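To begin, one chain is listed below as structure tokens, in the form predicted on its own.
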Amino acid sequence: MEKWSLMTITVLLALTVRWAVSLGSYSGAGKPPMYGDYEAQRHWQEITYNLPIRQWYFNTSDNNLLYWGLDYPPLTAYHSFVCAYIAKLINPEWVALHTSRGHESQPHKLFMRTTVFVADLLVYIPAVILYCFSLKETSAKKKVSSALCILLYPGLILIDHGHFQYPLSLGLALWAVLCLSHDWDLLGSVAFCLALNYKQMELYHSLPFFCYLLGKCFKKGLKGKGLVLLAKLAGTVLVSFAACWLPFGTDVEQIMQVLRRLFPIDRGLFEDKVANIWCSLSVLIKIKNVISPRTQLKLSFAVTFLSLLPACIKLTVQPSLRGFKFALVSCALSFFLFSFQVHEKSILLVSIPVCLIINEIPFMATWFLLVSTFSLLPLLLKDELLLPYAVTTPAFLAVCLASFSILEKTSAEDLQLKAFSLSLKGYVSWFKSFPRIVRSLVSGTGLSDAALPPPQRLPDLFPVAVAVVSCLHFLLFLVYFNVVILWDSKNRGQKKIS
């Protein structure tokens, strides 16, 4: 009973923080003609409610794709339609074709914020709670602490309830992880297919899901139970995709147009100042000017594939839940650092899997989650969300310090580097410089970006500095997580796959 009482308080606290952040500004507030992601979500509601399905992804006189055209999979469109139906009942002007463009009002802001709040409450938060309750070899107190840290992660709160975004794809992916942890492989496959059909960026997590389930099939034997499981999984995936794409499946041109909208290779290697390798290297070498777009695409694909290959091979050969969760982090981070057309917000696809292992490596997980939030600072400043950032980030660090005593978890064993400790001997102690690193990030680059005007000759100096500093950290983390995966000799609490 006490455990449930503490978890209830945790959820109420998390909801309070979310609602407080939602009272602030949002992406593109009062900035015509394009506004921002808030207007994009509202516009998709306008389009999906007023136009037939066959026009949702096509450029027409009623659907100008240059003005926030739909560029996410069908489930996002269906969700927009449901929100639009409710909006129409409250105030038809919010989704009126053409005339609602750029609509901004306090009642509409309340409605839009509520839709995110409800999505969080129905999908993401229950998945977090059930995941934490399912943790093995963990005390009730640690389960509640894990839930509190995950639910107070500032990066996701600031983007979903500040900038404006729905947490549904990440929530569905969490449900998939939860199902797989209980050996409900078919349900897990359905949940992940739904996540992928809500946002194509869930491809960041697709290879660990594929390799883990394929590895289970191999372990069971491809001439017996393994073959049966493989057939069931393949059938489940096909049926799930068919159901999501059914309204578009009657016309090949419809399918091809949707795919062109989902993967717009003409946009280039990266946009804005994202903390990945291509943006950071562009400080020294203008990659976009030196290499053709097609070559950029091939290069990013090759580097991404090579960087995630070791973790995927290990997971396929030795499938385990622990290895699966670490592979989710490693593969998503490889995609973020090296893949094509990465957005700043995509770091959340790495952060959520990191949240899942915060009870195993609290020090490194907390460090990563703070840096990932820091990497979003230029975007948050653009949205006038500095105050929520300045409040939620130190609060999150304080909760992690109180919950896990992270500054004391820096031994080779605590960092899960015991198998690698001989070659690392004498260097693990440098991790204890973590407080100074965080302090320098916040007081140095972060405060400069927030408070000082950039030099006239270098207007993007501070956003680029944030991106480069964050990228260097992410490269370090990529090496670290791959070391943990490849030198893993510890599978405590793992059920044997029979």
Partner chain sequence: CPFHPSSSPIFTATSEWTLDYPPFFAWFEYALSHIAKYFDPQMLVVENLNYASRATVFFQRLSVILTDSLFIYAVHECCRCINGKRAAKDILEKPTFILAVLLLWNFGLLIVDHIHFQYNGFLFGLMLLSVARLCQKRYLEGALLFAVLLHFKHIYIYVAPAYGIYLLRSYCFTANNADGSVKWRSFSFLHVTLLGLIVCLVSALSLGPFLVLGQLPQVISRLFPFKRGLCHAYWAPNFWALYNAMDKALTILGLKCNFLDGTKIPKASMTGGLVQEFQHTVLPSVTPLATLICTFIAILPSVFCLWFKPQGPRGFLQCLVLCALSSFMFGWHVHEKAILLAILPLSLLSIQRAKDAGIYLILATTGHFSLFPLLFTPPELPIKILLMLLFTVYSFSSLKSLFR
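Positions refer to the first chain, counted from 1. Everything numeric in this text was worked out from a predicted model, so none of it was measured.
The discussion below concerns the form predicted in complex with the partner chain, not included here.
- For the marked spot (D71, I277 and L281), a heavy atom within 4.5 Å of the partner chain in the predicted bound form is absent from each of the three residues.
- Mapping the unseen interface onto this chain, W19 counts among the residues with a heavy atom inside 4.5 Å of the partner chain in the predicted bound form.
- In the predicted bound form, the partner chain stays beyond 4.5 Å of every heavy atom belonging to L475.
- Contact check for K141: a non-hydrogen atom falls within 4.5 Å of the partner chain in the predicted bound form.
- In the predicted bound form, the partner chain sits within 4.5 Å of a heavy atom of E384.
- Residues of 117-137 that come within 4.5 Å of the partner chain in the predicted bound form, judged by any heavy atom, reduce to F117 alone.
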